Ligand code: ADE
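One chain comes next, on its own, written out as structure tokens in the form predicted on its own.
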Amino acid sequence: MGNQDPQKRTALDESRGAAVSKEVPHAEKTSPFINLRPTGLKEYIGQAEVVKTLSIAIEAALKRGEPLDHVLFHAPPGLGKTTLAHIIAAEMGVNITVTSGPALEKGGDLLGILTHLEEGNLLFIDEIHRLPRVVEEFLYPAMEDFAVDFIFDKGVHARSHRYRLERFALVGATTRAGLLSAPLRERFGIVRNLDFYSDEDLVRIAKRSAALLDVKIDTDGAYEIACRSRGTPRIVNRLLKRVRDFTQVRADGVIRKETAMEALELEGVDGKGLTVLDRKFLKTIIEFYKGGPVGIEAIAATLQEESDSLVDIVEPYLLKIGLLTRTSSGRKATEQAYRHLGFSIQHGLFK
């Protein structure tokens, strides 16, 4: 990173703090879950428009010999934000440093990470909407000018030094794009939303993961898992493992429709992919609040769950499949929700 004044380097090293991060070589596979992730864009299933955008941007950056432009992914959990970050690093042939918004509590935490990045490296910040404001402000010059302003001493002896960083690419991931400040959002060159996956794509993911896990699965079995996976690859892989366990213990080791149905019912996942918490969420609105509208805080208090967890994990899928609506007055269960849960519908309730 060029020659630096030894005194300044010493002060900088002392200021770096204990940022929670992890640098991962792009080819490294660290866990069984990571092994189920695709390692390149050609292996990636679904999100065709996002993949096309990234492939063009990566190829152009490689031709110019430059880091990729900063990328922001926003989507509900489990749709591939982290996987795409690792794929970008693999396609660019660089190392990736992984951290999260809540882990960066002060400016020195981020400063320590940024000054360790090498030319072209990728920095991935998950839950970037949860960055403290003081940390976020360090990112502005880092993203635009590849530099940070470092303050030495205090009071009347304070002096500022602009520390030049190696050029890097930042990939941010968020489940709550609306909570990002405008100045931070505008500094990303590529902004993409990941949508829920189709059943057809989820079937392909289930078959690919089954092959990696060395378990036999037929198309009907893969479809049964896919249609109960809430449009989410992470859930496909989780349910696949549970069905695999059930099939190996209670059946002949081959995942078929009947064994998948039995295993998933045991897991509490119904035909639409609703979990026990999803059903409790809807039943609370119907039974306690007459179908709504009701505020999310009231629902959370009744269920004794965190409201943020309900907003991030439960609501997106219920909204997607039409079992829930959000109004200015609060949440309302739809007619489809009543029918799915077996509640009688009073005359005139839905017009």
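Note that residue numbering follows the sequence shown and begins at 1. Just so it is clear, the model here is predicted, and its values are computed rather than measured.
Not on display, but discussed next: the form predicted in complex with this ligand.
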Contact residue in the predicted complex, from E43, D312, E49, E306 (heavy atom within 4.5 Å of this ligand): E43
- line: Answer key: of P38, P67, P316, P293, within 4.5 Å of this ligand in the predicted complex (heavy atoms) is P38
Non-hydrogen atom contact R208 with this ligand in the predicted complex at 4.5 angstroms: yes
message: N237 versus this ligand, in the predicted complex: is there a non-hydrogen atom within 4.5 Å?
response: yes
- prompt: Does the 4.5 Å heavy atom contact test between P233 and this ligand in the predicted complex come out positive?
  reply: yes
field: Proximity of Y197 to this ligand in the predicted complex, heavy atoms at 4.5 Å
entry: yes
field: Which of 253-261, 269-277, 182-190, 197-205 sits within 4.5 Å of this ligand in the predicted complex, heavy atom basis
entry: 197-205
